[in-house]
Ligand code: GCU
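Below sits a lone chain in structure tokens, taken as the form predicted on its own.
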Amino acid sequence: MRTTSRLALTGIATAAALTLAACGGSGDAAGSGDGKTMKLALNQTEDHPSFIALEAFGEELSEATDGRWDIEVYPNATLGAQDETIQLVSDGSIDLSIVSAPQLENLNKDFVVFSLPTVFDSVDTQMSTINDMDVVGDVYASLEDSHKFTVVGGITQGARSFYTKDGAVTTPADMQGLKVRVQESPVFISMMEALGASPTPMAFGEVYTGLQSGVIDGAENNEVSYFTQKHFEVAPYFSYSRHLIGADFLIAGTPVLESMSEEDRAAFDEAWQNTWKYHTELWNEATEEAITEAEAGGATFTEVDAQAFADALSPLIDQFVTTDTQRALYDGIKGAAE
């Protein structure tokens, strides 16, 4: 893997921006059409499916453009938290970043549709839909004028389910009164309230000790995070609610994309299509491995009454899909999945 120089850049996002500007940021290449090595911010580790797939993205792009365009992936949030890297892409200090859907909601409320429960019924459906420009093209281009970046496409965060300390949950009734960690998001808070649980916003890094100490009774996430963060040690009951399938998005500085020749932009788009497909394969493999390892560590995985959860959560669609553009996006996603 080409990581030698990537791990050298450290410090806060402001320092990163100054360093990158000194070595030639996006603004230097805009309109040149000559190509460059684009810098991509990622908050995952080098062994995560996202890093592996994005490394392959750069390699394929470089080969397809005879080295004119390449991608350097900076993992481990080296360039800052996701909200910081959004600003860095917007001002041209870096070229690309992977950010979650809730981050984009802060800039355009239409992105809330991608984070709602029951919108996607499987990872495969999600991935084919959020990379279909006929369905999502308008919302992906909606930040180009105001923030100078384009949403290129998405990769999956996998299906999220509940895990608890003191026994599996199989129906919403089992959630009554449980203190469940959530992200600080109106959707996630409303979701817990709809299930009768007590939403407890908490930083992801505090979940293990929160479960261990009894501050929370459970949390919700995908199997990969459940295993890699060792949450199975303190919450051994994983219940397959699959209530929500999360998404990350690749954003790119619009001036950089516009500086590409037609041929190079086509190569970029094709390489991205191959990247999200490769990432999905890696994600599925990592999920199976996580389940096996967590079971070996004492975790149990239980199926739930999926329809009961869907019925309890379905009112959130009307609660959060409130504009014509949001409704059109929601209907487009559901129609494409049929």
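Note that the rigid core is defined as the largest set of C-alphas that superpose within 1.5 Å between two forms. From a predicted model like this one, the values you see are computed outputs, not experimental measurements. Each residue number is its position in the shown sequence, starting from 1.
One more form of this protein exists, namely the form predicted in complex with the named molecule; it is left out here, but the text below deals with it.
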- Specify the contacting stretch among 71-79, 84-92, 125-133, 216-224, defined as having any heavy atom within 4.5 Å of the named molecule in the predicted complex. 216-224
- Query: If you check Ser100, Thr200, Asn108, Ser259 against the named molecule in the predicted complex, which one has a heavy atom within 4.5 Å?
  - Reply: Ser100
- Query: Quick one: of Ser161, Ser115, Thr150, Gln157, which gets a non-hydrogen atom within 4.5 angstroms of the named molecule in the predicted complex?
  - Reply: Gln157
- the named molecule contact at Arg181 in the predicted complex, heavy atom, 4.5 Å: yes
- Message: Does any part of Thr280 reach within 4.5 Å of the named molecule in the predicted complex? Heavy atoms only, please.
- Response: no
- Message: Residue-level contact is defined here as any heavy atom of the residue lying within 4.5 Å of the named molecule in the predicted complex; does Asn284 satisfy this criterion?
- Response: no
- Item | Partner proximity in the predicted complex: Gln44 to the named molecule, non-hydrogen atom cutoff 4.5 Å | yes
- Message: Could you check, with the core superposed, whether the Cα atom of Ala203 shifts 2 Å or more between this form and the one not shown?
- Response: yes
- Has the Cα of Glu184 moved 2 Å or more between this form and the one not shown, judged after a core fit? yes
- Can we say the CA of Tyr163 moves by at least 2 Å between this form and the one not shown when the core is superposed? yes
